[in-house]
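Shown here is one chain on its own, the form predicted alone, set out as structure tokens.
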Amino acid sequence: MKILDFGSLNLDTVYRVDHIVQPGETLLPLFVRSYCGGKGLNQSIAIARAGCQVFHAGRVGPDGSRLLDQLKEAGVDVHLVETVEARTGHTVIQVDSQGQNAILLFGGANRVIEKTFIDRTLKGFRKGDMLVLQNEISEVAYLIQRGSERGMRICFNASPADAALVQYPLHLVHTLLVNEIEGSTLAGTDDPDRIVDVLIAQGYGKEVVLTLGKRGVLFGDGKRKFRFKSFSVPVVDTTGAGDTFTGFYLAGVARGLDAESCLLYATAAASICVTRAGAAESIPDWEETAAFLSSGSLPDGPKP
């Protein structure tokens, strides 16, 4: 199975603050740092660090070379990433004293993905390969349709949630990964069990993975449904935790693990991630995660 992540590439500017800024408020940050990010980049790096080969496709502007270097350093194949005359996507992220975040996203080059680029990229993939998608680039619906026509296993992290989600051909998705906000947007209910039941009943994925933050994760595929608890760890920064979870879950699938094992490794990797600052930089590898599961303690300890 080849894994193609057709996803976003962003430059993240992270401001550490006492609290998330309120409307009309001017707030001095404690410090500011720059990181490589984007849900696509984070998930590709997570898949690679989980021990799987992954090809990343997407676009950056002339200012995006740092992102490609970060991907290559993690072992991601970037020959399908194109440089265009548009500003690279970027985010402004606030992280408060509790590790929670608020994110402002500018799409940039991520929003100039067009159908011809998609068609020539997908030619290198076939039935049984995995197509990993998020909702931060343009032409997501077309990607789902064309990937399905090639017999690829469509894995869609429906984030960020927007009105266009319900217009996508989600019946073609195999694995749908959502948090509570995205799940409630699609299902029309805030109850986690109902979210999973409704999404499965609507055909929005053959399996649904609903992340619940500190409350763990809920899995359902129409035949069974079960919950995985989260691990108790000191939280430094939640940025990138969801992407780490997604990458490790899908890597577990590619490794041939059962759903329970995939969720176990994904939950553990995300738990390690939140003890560290940054997004891509905070993602552990498979060996770290296995050590955490074996010993019950963080491999490197919390990192400010």
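Residue indices: 1-based, along the sequence shown. Note that the structure is a prediction, hence the values are computed from the model and not measured.
Note that the form predicted together with a small molecule isn't included here; everything after this is about it.
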### Summary
None of D77, E136, E207, E182 but one has a heavy atom within 4.5 Å of the small molecule in the model of the complex; the exception is E136
### Query
Only one of A57, I272, A48, A279 has a non-hydrogen atom within 4.5 angstroms of the small molecule in the model of the complex; which is it?
A279
### Task
Flag V233 as yes or no: does it have a non-hydrogen atom within 4.5 angstroms of any non-hydrogen atom of the small molecule in the model of the complex?
no
### Query
Does any heavy atom of T239 come within 4.5 Å of a heavy atom of the small molecule in the model of the complex?
yes
### Task
With heavy atoms only and a cut-off of 4.5 Å, decide whether T91 touches the small molecule in the model of the complex.
yes
### Message
Taking the small molecule as it sits in the model of the complex, is N42 near enough to touch it, meaning that at least one heavy atom pair lies within 4.5 angstroms?
### Response
yes
## Note on the structure
In contact with the small molecule in the model of the complex (heavy atoms, 4.5 Å), from 141-149, 211-219, 91-99, 161-169, is stretch 91-99
